[in-house]
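Before any questions on binding or motion, here is one chain by itself as structure tokens, the form predicted on its own.
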Amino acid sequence: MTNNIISFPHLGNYSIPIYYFLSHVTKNPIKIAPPITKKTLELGSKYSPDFVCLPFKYNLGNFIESLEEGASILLQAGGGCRYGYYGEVQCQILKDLGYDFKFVSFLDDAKLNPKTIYKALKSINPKLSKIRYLYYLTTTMFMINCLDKIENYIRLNIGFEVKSQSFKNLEKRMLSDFKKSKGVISILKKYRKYKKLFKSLPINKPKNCLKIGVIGELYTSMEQFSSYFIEENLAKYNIEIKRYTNLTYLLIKKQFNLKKLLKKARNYVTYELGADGLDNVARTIDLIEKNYDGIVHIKPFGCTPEIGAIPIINKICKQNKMPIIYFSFDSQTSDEGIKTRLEALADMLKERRKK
């Protein structure tokens, strides 16, 4: 399968480390799916069952666009909730549309683990050794962690940049540079370089600025197009943004956090709620304890774990007089409607501060 092109769906800026990983563990050319646009969502929605969640539709649209551009091996790794069982459905839809391709899932019982990923990659590159696989898996995780740390700094400060687009322009340079990384030392040098460059960008940030925590479903948290760039729009009102969910958390930290989360949420939750439901209940309490000004909860329409968590989150916020706004996204969501609600939230929080 050395001449077949591999492609995969977008998930925020993580296409860069995924590209790096695949380019070193397979002998195939790698095609990053075209950037997500409204066309991507239209394609995915057109061929998806009505009841499936928005991430399914975005991923299906990504797959179709990749296949149209010559991809012949599609990779799928979504899990954590019912999305972990969607791969077979997506594969069948694409087969019914007449596409000829190989579909490779990294999941085992709707979960990711290193053994199943290795087994899946061996089906593409039979000569892949465990040593090479583990080295590049570890190196890729290091790159993801470096990017997540810098992205966190961006969220905290982009709303206070002195020169418009200075953070975004530097971020584009950084991602392009990271894509050319050769190994751990190369990644470390790039991380230190861009950490220093971002901190050198002039900002005008007051000590007691407005602070908002963004919580909710993992895909809409990490793929900004699917949440209509909600963080970017919030930052325009000179607001510091806190977001917990990223790949470093999901792939490394989350598995060690269960007891801690249950302890923090013990007055409201006894068991896991599925996906990030429990996490978001605990995050709500954490944001209240840290005196944040407000919370934004985001999810795709029909996301079951978040639907289960919302009444609990709402109760906690009412008890503690914490302002919270909920956004539920689907293929009919209005961009202008979101911006209007965010503007109203920012105005309300500013007035609340004055009083």
Partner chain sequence: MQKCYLGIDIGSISTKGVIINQNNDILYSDYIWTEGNPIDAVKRLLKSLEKNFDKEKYQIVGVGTTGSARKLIGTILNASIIKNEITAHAIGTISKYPDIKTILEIGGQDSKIILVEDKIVTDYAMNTLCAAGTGSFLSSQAKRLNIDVKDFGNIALTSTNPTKIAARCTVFAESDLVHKAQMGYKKEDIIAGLCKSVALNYLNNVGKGKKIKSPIIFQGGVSKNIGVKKAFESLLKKEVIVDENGHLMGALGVAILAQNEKEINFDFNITNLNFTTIGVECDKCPNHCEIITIRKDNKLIDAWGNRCERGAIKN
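Positions refer to the first chain, counted from 1. Since the structure is predicted, the reported quantities are computational estimates derived from the model, not experimental observations.
In what follows, reference is made to the form predicted in complex with its partner chain, a form of this protein that is not presented.
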TL;DR on 53 to 61, 324 to 332, 304 to 312, 22 to 30: the one with heavy atoms within 4.5 Å of its partner chain in the model of the complex is 324 to 332
Applying a 4.5 Å heavy atom distance criterion, does residue 225 contact its partner chain in the model of the complex?
-> yes
Margin query: Can you tell me whether residue 290 touches its partner chain? I mean in the model of the complex, with a 4.5 angstroms heavy atom cut-off.
Written below: no
TODO: Indicate whether residue 46 is a 4.5 Å heavy atom neighbour of its partner chain in the model of the complex.
DONE: no
(request) State yes or no: in the model of the complex, is some non-hydrogen atom of residue 345 no more than 4.5 angstroms from a non-hydrogen atom of its partner chain? (result) yes
Applying a 4.5 angstroms cut-off on non-hydrogen atoms, the residues of 25 to 44 near its partner chain in the model of the complex are 37, 38, 39
